[in-house]
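Starting off, we have a lone chain in the form predicted on its own, written out as structure tokens.
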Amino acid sequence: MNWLLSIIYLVVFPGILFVLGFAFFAEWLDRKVYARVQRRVGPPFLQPLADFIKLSSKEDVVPEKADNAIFTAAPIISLAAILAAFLYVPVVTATALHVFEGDLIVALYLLTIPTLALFLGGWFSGNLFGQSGAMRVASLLFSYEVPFFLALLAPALMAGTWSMSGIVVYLYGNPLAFVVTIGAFFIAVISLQGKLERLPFDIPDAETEIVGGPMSEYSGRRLALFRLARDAEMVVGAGLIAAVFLGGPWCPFISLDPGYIAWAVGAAFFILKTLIVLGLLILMKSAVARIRVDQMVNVAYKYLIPLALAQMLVVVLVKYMGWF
């Protein structure tokens, strides 16, 4: 029965189907809240799924000048890397499906692959707008990746482990540790917004400037997969932040080794915390207009990175003083 439970965990919940379903819900929530802020009605609940089905049924065109292999593989690799990263995130209990020392580093590496895939897809599309967007993707890569990595280093230093499950276990016993790393939490949220290329950091897409950026030539199934990958990355990134900063499935009413009912409670708390992070991302998108490339670099290197380093110093001092 262990192998059957592993298959269910991998494929159904909290595996691939759960991530994809949550991704459709996150897109609907994003579009709905964004519309309500602008005093519009917004889409119906099943609109993201309908859009995916409609796009998948459209003609899939490969430009004559595009590299067919890379152009086709880019969205597939992007989605596969995101789904693989979610396997290391504790969802139901403090222990994820695959746990080892350093799984946080592996998850962060996997979440970098979609950006590289987007760059390759745009660069090898043979379209000038796509190549311009790809160059923006590459130039901004280190602007948000560095503060994102440094922000997630803070809870890892606090817990003394590079395992997400280990960090969650530490937060079980030290729930007030979030107060110490709250600065890193907001830095991680802002950096994740940059990774997702959402307002105000949607510089590579910039439809009013370069049509659609690296996805200008994508259509049909490939475009549907790229959009789904971006929604899934939003869910996985928010879930990762919820796990390492907020304790993921931890709640004050369940023990560290719960039974089936407590597993459901833990999963509910994980979803709730992930929705909190998603809410911050959506509010940021609704409140701020697009910035320029140089402004994005300035935000990262003048503010986010120094603040992330200061947060690490605070964590080191707190650990040295023995307060946690």
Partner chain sequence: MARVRIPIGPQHPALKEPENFTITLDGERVVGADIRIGYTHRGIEKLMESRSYIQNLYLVERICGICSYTHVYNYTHNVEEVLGLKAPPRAEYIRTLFLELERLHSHLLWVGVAGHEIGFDTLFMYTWQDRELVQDLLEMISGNRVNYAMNTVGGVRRDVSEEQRQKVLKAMDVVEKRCKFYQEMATNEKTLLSRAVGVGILKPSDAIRLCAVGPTARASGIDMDIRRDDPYAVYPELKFNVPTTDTCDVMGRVVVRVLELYEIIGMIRQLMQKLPAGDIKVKAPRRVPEGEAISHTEAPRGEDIHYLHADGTDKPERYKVRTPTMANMPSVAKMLEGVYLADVPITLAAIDPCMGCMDRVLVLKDGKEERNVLEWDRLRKYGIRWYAERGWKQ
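All values derive from a computational prediction rather than experimental measurement. Residue numbers count along the first chain shown, from 1.
The next section is about a form of this same protein that is not shown, the form predicted together with its partner chain.
Taking the partner from elsewhere, no residue among 5, 98 and 195 has a non-hydrogen atom within 4.5 angstroms of its partner chain in the predicted complex. Among 272, 287, 69, 50, the residue placing a heavy atom within 4.5 Å of its partner chain in the predicted complex is 287. 211 is the sole member of 108, 157, 76, 211 with a non-hydrogen atom within 4.5 Å of its partner chain in the predicted complex. Within 4.5 Å of some heavy atom of its partner chain in the predicted complex lies at least one heavy atom of residue 295. Under a 4.5 angstroms non-hydrogen atom cutoff, its partner chain in the predicted complex has residue 129 among its neighbouring residues. Residue contact check for residue 37: one or more of its heavy atoms lie within 4.5 Å of its partner chain in the predicted complex.
In the predicted complex, its partner chain lies within 4.5 Å of some heavy atom of residue 136. Partner proximity in the predicted complex, defined as non-hydrogen atoms within 4.5 angstroms of its partner chain, places exactly one of 203-211, 235-243, 116-124, 167-175 at the interface: 203-211. Shown here without its partner chain, the chain has only 199 in 167-199 lying with a heavy atom within 4.5 Å of that partner in the predicted complex.
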